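Here we start with a single chain on its own, the form predicted on its own, put down as structure tokens.
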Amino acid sequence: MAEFDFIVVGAGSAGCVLANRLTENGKYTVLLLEAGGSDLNFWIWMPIGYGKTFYRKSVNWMYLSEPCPELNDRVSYWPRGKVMGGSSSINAMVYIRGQKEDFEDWKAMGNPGWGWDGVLPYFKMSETNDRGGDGYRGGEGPVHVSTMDRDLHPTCQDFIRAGEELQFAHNPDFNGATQEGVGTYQNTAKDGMRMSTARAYIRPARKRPNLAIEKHALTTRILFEGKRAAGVAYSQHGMMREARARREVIVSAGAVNSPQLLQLSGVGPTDLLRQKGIDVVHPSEGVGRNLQDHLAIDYLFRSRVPTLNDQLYPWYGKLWHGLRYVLTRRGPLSLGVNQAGGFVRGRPGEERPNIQLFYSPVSYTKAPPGKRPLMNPDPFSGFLLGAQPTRPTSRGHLEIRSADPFEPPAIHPNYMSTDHDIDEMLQCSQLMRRFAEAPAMARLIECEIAPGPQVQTDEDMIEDCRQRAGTVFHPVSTCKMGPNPGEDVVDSRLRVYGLEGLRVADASIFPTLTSGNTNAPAIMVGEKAAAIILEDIKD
């Protein structure tokens, strides 16, 4: 049986970081296990290929939630990366860290070292901002973050002007001194191509003799000797294999697969494990609990002025922009789907921004919920506005259905289950109508397609959210970090309570959902986790 100092389960947003940093000094051997395959795929590297990988089994777990009662028993589709780079290889690439207060909240919840001062150095360490480094931004890190303004659609400026007409300030950098305001998004990209963590962290490290990478390797359980994680079992090409960890097993499989693996390995809620016929190695009621996610609502409009629909709907438009991208790495195919947006207070009196906005100069009325296939837009000029509450209070859970590691877990998102979240979804709807009425946007609008003018009252808007709102794919907190072993899964050093040689390091450890897209903070967790592990090692 092969032996390594560390085994990292999952080559995603955090796992790739760990594999790089733990092998950097040459002292330790690392086995990186990834259930998916290579990220060398045109649709992954081309930014707008997001629309292709959204429903592609070869790179995507393609999970479905259980019916959600508060969303009229609708099922949510949850794409998750099953490929080198994990979800950083198939996401929409928006680079957002979150608000300083998010991390101060983490510290106040009993997680020393995870306040803003404790995480900012790792955000900076991970990043090369194309505008240069400063007190907030990194200038020499592996992840390149690009300003996309030169290729943005001109109507993005109309969106920003509409925001200013509504008294929302223009913010040129959502990851700088303050997040508040409206502006354009930066993407995790370099030279017109996606910057996943596979590209940023594994490409430079893959030839190190102390790093072994096994793809198409699904970890089926953690192997324990008493209360110590001694290794893992994994399935690869139909064969069962095992590997031993001399020091630690680090689970970085994401907010769905990390709790699933712990439960399959006998770490989780006692009643659940016994029901599924799994021997309890250590009872941990929080595994799979505290699930949080962002829920968004889109408003679609027919436009009086040309949008990306006019460029990308005709076959000759697809051909022209495809050739332009191949030859120059420029144009709309070099961008993510969300070009502009912001972080604002939905009502006066909010302590800090509580709503994230998205503006996309494209529409697709026949696309499945949640999918934004930029290459197949509507045959008329159109665009959409989207909004999501940044810090929902609804809490869901996920759990294994059986002891079979190949069976997807049951996901219960529990969206809109609190009065707070219902009110903030209403704020989102009201705010998009305000944007549509602002002169800079009103001049662009021929009519509202969805939900349509028949939706007017608060009750109508809430019902519309129950009928149409969907996830923006930011699940977190299912192996929550905190000081209470009775309800939390890991401590502030990311060690799983009650066990030795086992940590979790990915978005599942977030104590609460951050205000915005979750890829950047997941990468930060990988950086900070690697530093913690190297500090804790006693040779």
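Everything numeric here is computed off the predicted structure, so don't read it as measured data. A residue's number is simply how far along the shown sequence it sits, counting from 1.
FYI, the form predicted together with a small molecule isn't displayed, but the following is about it.
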Is Ala507 close enough to touch the small molecule in the predicted complex, meaning at least one heavy atom pair within 4.5 Å? yes
is_contact(Ala198, the small molecule) in the predicted complex, heavy atom dist at most 4.5 Å: no
At 4.5 Å between heavy atoms, is Asn91 in contact with the small molecule in the predicted complex? yes
Would Leu218 count as touching the small molecule in the predicted complex under a 4.5 Å heavy atom rule? yes
Check for me whether the small molecule, as it appears in the predicted complex, comes within 4.5 angstroms of all of Met148, Thr155 and Gln339 - heavy atoms only. no
So which of 473-481, 64-72, 488-496, 40-48 is the stretch with heavy atoms within 4.5 Å of the small molecule in the predicted complex? 473-481
